[in-house]
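The chain below stands alone and is given as structure tokens, in the form predicted on its own.
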């Protein structure tokens, strides 16, 4: 384990927060929570900051599909947003959301909480794209409240450039699973809702300068690389996630451990030099992206 101090990026006061669901139209927990918050705005009105909700991709939600033309959550690079020749549905939608929430809008948001779900066994995961003081203190607070919460840092993956949450000064993804696409489960719905309230309570404490971190350490799973499925010369998948690895997100994968199983029953072993911790193992939506899992390094950070 390596100990590291965080960078000191922070802000004086949280003024605008956006809670987003339906960035992917078949991830129903975020969709239904946004609908609930919209029907019961009093749930979000007891704070010193403004909270708005957004159903990000309504056409995909109506069709119960991840997206219509392209992945909305990969459509927010500044070059794409400024490119007027890109006119597909999600490109136009990304521009509209940028004008609503982005740094050059009339009311730029300070914090975005973007709710997602996964077919992988991620439990309750907070995804962060930067490791600054504000972000890591919030993450440490959440782990202090609920030790089962995992923190996945994509600081080396480039997600800070293209995700919807990148529009805010501080963007967070709430990823929960395992759950099938287009499906709701009560336990994950309730856990996600409780996590939203815990984060909002923290932001209120932050505004009042009342945050107390009893434990300054934070366990982070830091992105290393994405691994594709074994494929033949035509790009066809030749192996599946090995049964001994399936649903073992955040568990140690040692050199020589079983990784894939070919259709003929041959085991393919992990041949890396160091212990890693896979996440998003066998995520259904990642087949089209050529990702079987993402490998991470487990580290402890002093906040």
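Residue numbers count along the first chain shown, from 1. This is a predicted model, so every value here is computed, not measured.
Not pictured, yet referred to below: the form predicted in complex with another copy of the chain.
- Residue heavy atoms within 4.5 Å of another copy of the chain in the predicted bound form occur in exactly one stretch of 205-213, 162-170, 91-99, 187-195, and that stretch is 187-195.
- When another copy of the chain is considered in the predicted bound form, residue 69 lies well away from it, no heavy atom lying within 4.5 Å.
- For the chain shown alone, residue 284 is a contact residue for another copy of the chain in the predicted bound form, at least one non-hydrogen atom being within 4.5 angstroms.
- Within 4.5 Å of some heavy atom of another copy of the chain in the predicted bound form lies at least one heavy atom of residue 246.
- Shown alone here, residue 40 lies within 4.5 Å of another copy of the chain in the predicted bound form, counting heavy atoms only.
- 182 is the sole member of 123, 230, 182, 108 with a non-hydrogen atom within 4.5 Å of another copy of the chain in the predicted bound form.
- In the predicted bound form, 119 is the single residue of 93-120 with at least one heavy atom within 4.5 Å of another copy of the chain.
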